[in-house]
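One chain follows as structure tokens, the form predicted alone.
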């Protein structure tokens, strides 16, 4: 019998897809603001600025929801990897992503309501949700209120290092989004991860993780 587990509650799924849409808008509008020829803009500057600002505010509000939700429910523990055997778990996950799944191997970790993420995901999400996202939000707010930025920072105009940090963190989040799309295909089936984020249910389809196989 195929085993099913309800992994993603509807509030988390709505947060996920709304956040994903806003991040895509931020990436497109940010690229148009900073890296497109002004003669032939990807999006007209004033429109891109409005989209970027509104989307940035939306992401900030969603991040507050994320922080409150994780704190209230204790879900923050899902992001803390088990230190014992961490390297071995990372090695196994890397092998599965780059080799095992291409050979048709079963994943060695299957998500459960108690533990949704493997070790690679845990470390990645810590970096994304607890480092990169706060950096992007705080540096973005500095552009809303430039009068609060220091006049000088590291020997430069106060906003210049903040802008560089904003771009670097934003680029990192862009790479995460692209990698996230790929990682969504590395579950039990190619579409399984995406289906789970739509329905909330994870289906094993008779496959067991490697550490439960005889």
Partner chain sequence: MAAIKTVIWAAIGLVLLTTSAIAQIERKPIAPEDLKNIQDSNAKCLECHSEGGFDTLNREGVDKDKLRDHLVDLGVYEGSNHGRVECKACHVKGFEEFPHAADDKKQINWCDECHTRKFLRIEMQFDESVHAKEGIKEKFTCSTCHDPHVFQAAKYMNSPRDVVRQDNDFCLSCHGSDQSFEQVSKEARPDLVENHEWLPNRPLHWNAVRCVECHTPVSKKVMSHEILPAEKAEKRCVACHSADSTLRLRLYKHMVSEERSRVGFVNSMILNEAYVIGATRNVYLDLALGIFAAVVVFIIVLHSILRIIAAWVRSRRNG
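Please read all numbers here as calculations on a predicted model, not as lab measurements. Positions refer to the first chain, counted from 1.
Keep in mind that the form predicted together with the partner chain is not shown, yet the notes after this line are about it.
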>> in the predicted bound form, does every one of 33, 49 and 175 come within 4.5 Å of the partner chain, counting any heavy atom?
In response: yes
> Which one, 88, 83, 102, 72, lies within 4.5 Å of the partner chain in the predicted bound form by heavy atoms?
Replying inline: 102
> Just one of 67, 57, 28, 164 has a heavy atom within 4.5 Å of the partner chain in the predicted bound form. Which one?
Replying inline: 164
> Which among 126-134, 73-81, 140-148, 111-119 is in contact with the partner chain in the predicted bound form, heavy atoms within 4.5 angstroms?
Replying inline: 140-148
> How about residue 42: is it within 4.5 Å of the partner chain in the predicted bound form, going by heavy atoms?
Replying inline: no
> For residue 62, is any heavy atom within 4.5 Å of the partner chain in the predicted bound form, or not?
Replying inline: no
> Any of the heavy atoms of residue 14 lying within 4.5 Å of the partner chain in the predicted bound form?
Replying inline: no
> Do residue 198 and the partner chain come within 4.5 Å of each other in the predicted bound form, heavy atoms counted?
Replying inline: no
> Along 165-182, which positions have a non-hydrogen atom within 4.5 Å of the partner chain in the predicted bound form?
Replying inline: 167, 168, 171, 175, 178, 179, 182
